[in-house]
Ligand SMILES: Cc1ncc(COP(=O)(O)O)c(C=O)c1O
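Taking the form predicted on its own, here's one chain by itself in structure tokens.
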């Protein structure tokens, strides 16, 4: 039996999708990749470029949903993965790489005095909720209406609710995101709107005897929306949670890439716990929960049974730890400055493209993350975003990733996620390609 790379077939994306449909529901493992008539199947990648099964190479502005901070096949990361794979793939014993990555993150992230590792951002948020509940002694959790925190059914509730089901702004309805979610679980969640300080405070004060945990992505509503949190709102949220004795969790699985000290370092707001993932694994699966020593003490076994028991077969595995340490070590303050300059260059070019093609829209940029929006104005919260997604806006938004794919760009949800592999020439090529895609959209 041939088990090598040369055993991979030369099937096209269309043919691979036919095979996938026979063995996977609708042919997919990740819903966020669903596209018509079929997805592009990746074959290889190098630096900022990814090549599909049809032989088409594109500039990758997805970077596996922000996990590839250095793009594809960064030499130093590939070398350490190869060396570690030959030495030790996984074991029940801890390895030094776990300590080294923990030391690096504790040194960088303001809120993190101690840390624990797991295998995904979803798992990190799930474990963080357990820790916060154990520390606060209150079971209910509060999050943004429309906020995204992975596949944990408690936190994915009301991720994309429909307008007819919202309820009052001061008392948002908690709605299941998936069929079968128990009502008893939904009753443990409280919602509040983004960027509305008065309503946020009123809701949290009303539920102060039950809510012990508040979770929010400090960069904004959820990936791909371009709806960002105002610093004033986050400052007020920190003050309110402290006053009410609630544990504040910053979900920085996505937003940690905003700067050397994460988004919390940029805005100078320090939560009690921080969840991490994506970029800290160097391209391999990872998650982490870190925070203040007193909150993290719920995991401690020094005094006997811990309040929160946490383990996992691949938790702290040496492959992810080694790749993550090397990738994060390469992310110096200068590297973050370069990514921010790259994002500004891209944003300026996309704004010119909107003007040149007479397309109504907005470009929202934060560091290495840039969003192309076609709404009437830049939304301030979920309900504002939903109201602005008219049929025309939704149709244009849905068509652009396909049109950009034709022009040599790999973009999902009109969101551009940068990497250190992308050059100024790649940015300029992207702007030109996006301009052609916008022109094609207007002519359609």
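Numbering follows the first chain given and starts at 1. The shown structure was predicted, so the numbers you read here are calculated from the model rather than taken from an experiment.
Separately, the form predicted in complex with the named molecule exists; it is not shown, and the next lines address it.
Answer with one of 372, 247, 253, 112: the residue that has a non-hydrogen atom within 4.5 Å of the named molecule in the predicted bound form. It is 253.
Please check if residue 228 has a heavy atom lying within 4.5 Å of any heavy atom of the named molecule in the predicted bound form. Answer no; every heavy atom of residue 228 is more than 4.5 Å from the named molecule in the predicted bound form.
With heavy atoms only and a cut-off of 4.5 Å, decide whether residue 150 touches the named molecule in the predicted bound form. Although the named molecule is absent here, residue 150 would touch it in the predicted bound form, with heavy atoms inside 4.5 Å.
Though only this chain appears here, would residue 261 touch the named molecule in the predicted bound form if you measure heavy atom gaps against 4.5 Å? Result no; residue 261 lies far from the named molecule in the predicted bound form.
Answer with yes or no whether residue 278 is in contact with the named molecule in the predicted bound form, where contact means some heavy atom within 4.5 Å. Heavy-atom contact with the named molecule at 4.5 Å: present for residue 278.
Picking from 71 to 79, 253 to 261, 231 to 239, 169 to 177, which part of the chain touches the named molecule in the predicted bound form when contact means heavy atoms within 4.5 Å? Result for this chain: 253 to 261.
Pick out the residues of 118 to 153 whose heavy atoms come within 4.5 Å of the named molecule in the predicted bound form. Heavy-atom contacts to the named molecule in the predicted bound form: 120, 121, 122, 125, 148, 149, 150.
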